[in-house]
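The same protein chain appears twice below, in two forms, each given on its own as C-alpha cells and labelled structure 1 and structure 2.
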Structure 1
C-alpha cells in the first residue's frame, strides 16, 4: 500500500514538473524584446563598436538555437532540462546556467528552509496559545500585532527593516551575502559574516509569515477545544501541559501542515522578492537579473529548480501527513 501510494505521488510530481517546465519555456517567449539584441545594444552603450549589428544578431541567434522553429526549440529544451544541461547564459556569456544556479542555490535553500521552519514553529505555537483558555492573558495583547504582520508582504517588511536596522541604527548591513572584502572559506569569521548578512532577510520572512500561521492555528485551536476528546481528557484529570500538547496542539496541527504544503509556492515567491530587496546572492536575485535582460536560459534554469524544490517539498509533506494522522492511511 505504501509503495503504491508513493508511486502515485511520484508520478503526480513528475507530471507537475513537466507541466510547469512547459509553461516555463513558453512564457518568456511572449516578451516583446529580443535577448540577443538587448545584450548587443548594452555592449554598444558601454563603448563597444559593432558595425554589422544585424549579422551579429543572426549569428548569435544561431549559436543559441533561437533561429530554429519553436517546436524544435521546445524538444531541445525538454531534452536538455531532463539531463540538467541548461546551456549557456545570454546575459552572462560565456558562463553556464548550471554554474550560476549552483552558486546561488545554497543561499536560497539556507534562507528559505531556515526562515520557513522558524516561522511555522513560532506561528503554530503562538496561535495555539492565543486560543488556549489556560494561556497567560498577556499573550492576548499580541493578537493585534500578529494580525498586522499577517497583512504585510515580505518585501515591504524588508524595506522597513532595512531603514530601521541598517540605515538609521547601522546595526546590520544593508544587503549582500557577505562583505565585499571578505575571502570565502570555512572559517568562523566568514560564517559569522554570512549569518550577520542573513539576519534581516530571514527576519522579514519570519515576521511576515508568523502572523499567517498564528491566525490559522488560532482558529483551529478554538475548534479543537470544543471537541469531546478534550472534555474527556480534562475529566480524566490530565495535566494542562499534556492536554495542550498531546490533545489540542496535535489535532489542530493537521490542517496547519496541509496549509504549509499549499503555501510552499507562495513562500518561495516571497523569498525571491526578499532576495532582490536585500541584494542577497540567491536564486531570486539571479532570476530578477535574468528577467531584466530577457535571458531565456537562466530563466528556464532558475524557475525549473524552484519548481522541482516546491514539488519535492510538497511530496515530503504529503508523505509525512499519514504519520501525523493515521486515519489518512485508511
Structure 2
C-alpha cells in the first residue's frame, strides 16, 4: 500500500515536472508570434554594440530552428532540460540561466523554508487553541485579527510592513538582501545584516500565512472534537493536556499536513511576490528582472526550477505523512 502510494506520487511528480517543461517549450510556439524569435530579431536589428549576441541567436536557431521538425526540437529541449541546461540569459549574455538561478536559489529557499515552518507551527498551535473549549477566553479576541491576516496576500502585508517599519519608523531597511556597502563573508556583522534584511520579508510571509494555518486548524479541531474518541477520552477522565495534544491536536494535524503539501505551490508563488516587493535577491527578484527585459530563457528557467522545487517538497511531505497516520502505513 505504501509502495503503491509512493509510485503514484512519484509518477504525479514526474508528470508535473514534465508538463512544466513541455509548457515552456510549447507556449512560444503556440503564441501568435513566437516572442523569443521576435525578441532575438529585435536585438540583432538594434544591437550595434550587441554583435556578440550572434552566438546566442545562432545557438537558438540551431536548437529551435524552423528548418528542424518540431518533434526533434522538442526532444533535444527535453534532453537539455533534464540535464539542467536551461540556456543562456539574453539580458546578461553570456551568463547561463542555471548559474543565475543557482545564485538566487539559496536566498529563496532560506526565506521560504524558515518562514513556512515557523508559520505552520505557530498557526497550527494557535488554531488548535482557538477551537479548544477550555482555552483562555482572551484568545478569542485574536480571532478577527487572524482572519484579516489570512485574507491578505503576502506581498500586500509586506507593503504594509515596509510602510510602518521601514518607511515611517525607519527601524529596518526598505529592501535588498544586505547593505550595498557590506562586504560579503562569513562574519557576524554580515550575518546580522542579512538577518536584518530578511526580517520584514519573513515576517510578511509568517504573519500572512499564520492566519491561514490557524483557521484551517481551527476547522479541523472543531471536527475532531466532535469525534467519538474525544468524548470517550473525556469519559475516561484523561487529563486535559493529554486530550488536547495526543487526541485533539494529534488527529487534527493529519489533514493539516495534507494541506501543507497542497499549499506549497501557493506559498512559493506568494514569496516570489514578496521578494519583488522587498527587492530581495532571490528567485522572485530574478524573475521580475527577467520579465522587465523579456529575458525568456530566465523566465522559463526560474519557473521551471520553482515547479521542480515545489514538486519535490510536496513529495517529501507526502512521504512523511505515513509517519503521522498509521492507517496509510505499510
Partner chain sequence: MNRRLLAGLALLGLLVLLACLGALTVDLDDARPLSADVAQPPSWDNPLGTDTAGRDLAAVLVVGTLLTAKVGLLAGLIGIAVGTTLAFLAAYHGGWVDRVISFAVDVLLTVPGLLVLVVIASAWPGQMTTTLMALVIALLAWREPTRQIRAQVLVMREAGYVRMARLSGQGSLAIIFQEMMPNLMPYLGAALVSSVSAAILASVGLEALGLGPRDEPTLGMTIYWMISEGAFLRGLWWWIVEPVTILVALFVGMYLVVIGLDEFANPRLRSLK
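For clarity, a rigid core is taken as the largest C-alpha set superposing within 1.5 Å between two forms. These numbers were taken from a predicted model, which means no experiment stands behind them. Residue numbers count along the first chain shown, from 1.
> Pick out the form predicted together with its partner chain: structure 1 or structure 2.
The form predicted together with its partner chain is the one given as structure 2; the other form is structure 1.
> Superposing on the rigid core, do we see a C-alpha displacement of 2 Å or more at residue 26 between structure 1 and structure 2?
After core superposition, the C-alpha of residue 26 moves 2 Å or more between structure 1 and structure 2.
> Residue 9: how big is its Cα shift between structure 1 and structure 2, in Å, with the core superposed?
On core superposition, this C-alpha lies 2.6 Å from its counterpart.
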